[in-house]
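Single chain ahead, written as structure tokens, the form predicted alone.
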Amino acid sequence: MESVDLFSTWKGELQTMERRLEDKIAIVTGAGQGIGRGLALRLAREGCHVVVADLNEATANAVTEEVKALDRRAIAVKVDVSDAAQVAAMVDRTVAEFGRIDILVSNAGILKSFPITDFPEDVWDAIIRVNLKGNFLCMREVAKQMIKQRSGKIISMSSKSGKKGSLWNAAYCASKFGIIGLVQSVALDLAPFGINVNAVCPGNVFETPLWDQLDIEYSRKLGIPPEKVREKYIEKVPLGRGCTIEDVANVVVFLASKESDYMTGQAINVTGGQEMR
């Protein structure tokens, strides 16, 4: 009987899985820093060519160079995701440069924390405009191209705060709950065209510039020193640690790949067990 080298077989299968998104075209919004930057680089490592979209042109350019260093094509696009004309221009430029759009990771977002009695109206409006309207505008414009292709993956960044209310975070929670409703509705709109629409709901990702600000804001609402804030949040996590960018990227890559072809309208928790709904 001919022997089978199971290790060599397994190794060969693993190598074919290492770049699950070879030559796919991905737009990542809010990609100039933090989670967005990490997702852009991970998608590039998985084989994607990446449109690095961000309001901050300098950081978008810097991440674009990082993607190119991974031997992937990349362009930087300065975009305010809450501006319909700018979003349409981003999509048009992507199609002109790459010919198609396979993946949208709608990640751009902002967070400011105030008790409801002191919540400034302009801050409320800004959070809803960027987080929720920005997702809507990006989905709407990208869907037009994906419908022509009859394929595509749309992934929106919600949050554990899209599943459960959070102290002093009325606007942020409203926007993230809204994203899940948006995802479920758009998933139904686009299912006949072979387009998958899903959301990712991360826990607390401490390795981002956002948390430098939140340490101060949350220390006020929790009544503890800023240096104790992260420790307090980790205590709430059954798996005993914060969420990493790589934890989020693992789920995003799965949702962007063929492995998730039978999933749409889902909101996937990446919270270490803190949120289970």
Ligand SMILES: NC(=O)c1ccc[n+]([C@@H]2O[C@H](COP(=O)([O-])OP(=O)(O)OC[C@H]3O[C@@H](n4cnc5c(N)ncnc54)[C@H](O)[C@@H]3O)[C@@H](O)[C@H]2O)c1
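Just so it is clear, the structure is predicted and the values come from calculations on it, not from any experiment. Residue positions are given as counts along the sequence shown, with the first one as 1.
Same protein, other form: the form predicted in complex with this ligand, not shown, and the subject of what follows.
Heavy atoms within 4.5 Å of this ligand in the predicted complex map, among the stretches 65-73, 207-215, 229-237, 44-52, onto 207-215 alone. Of the candidates Asn56, Ser219, Asn250, Thr244, Asn56 is the one whose heavy atoms come within 4.5 Å of this ligand in the predicted complex; the others do not.
This chain is drawn without this ligand; in the predicted complex, the residue among Ile101, Ile154, Val81, Ala171 with a heavy atom within 4.5 Å of it is Val81. Among residues of the shown chain, Ile110 is one whose heavy atoms approach this ligand to within 4.5 Å in the predicted complex.
Interface membership of Val130, defined by any non-hydrogen atom within 4.5 Å of this ligand in the predicted complex, is confirmed. Contact check for Asn61: no non-hydrogen atom falls within 4.5 Å of this ligand in the predicted complex.
Residues of 32-55 lying near this ligand in the predicted complex, listed in sequence order, are Gly32, Gln33, Gly34, Ile35, Gly36, Asp54, Leu55, the criterion being any heavy atom within 4.5 Å.
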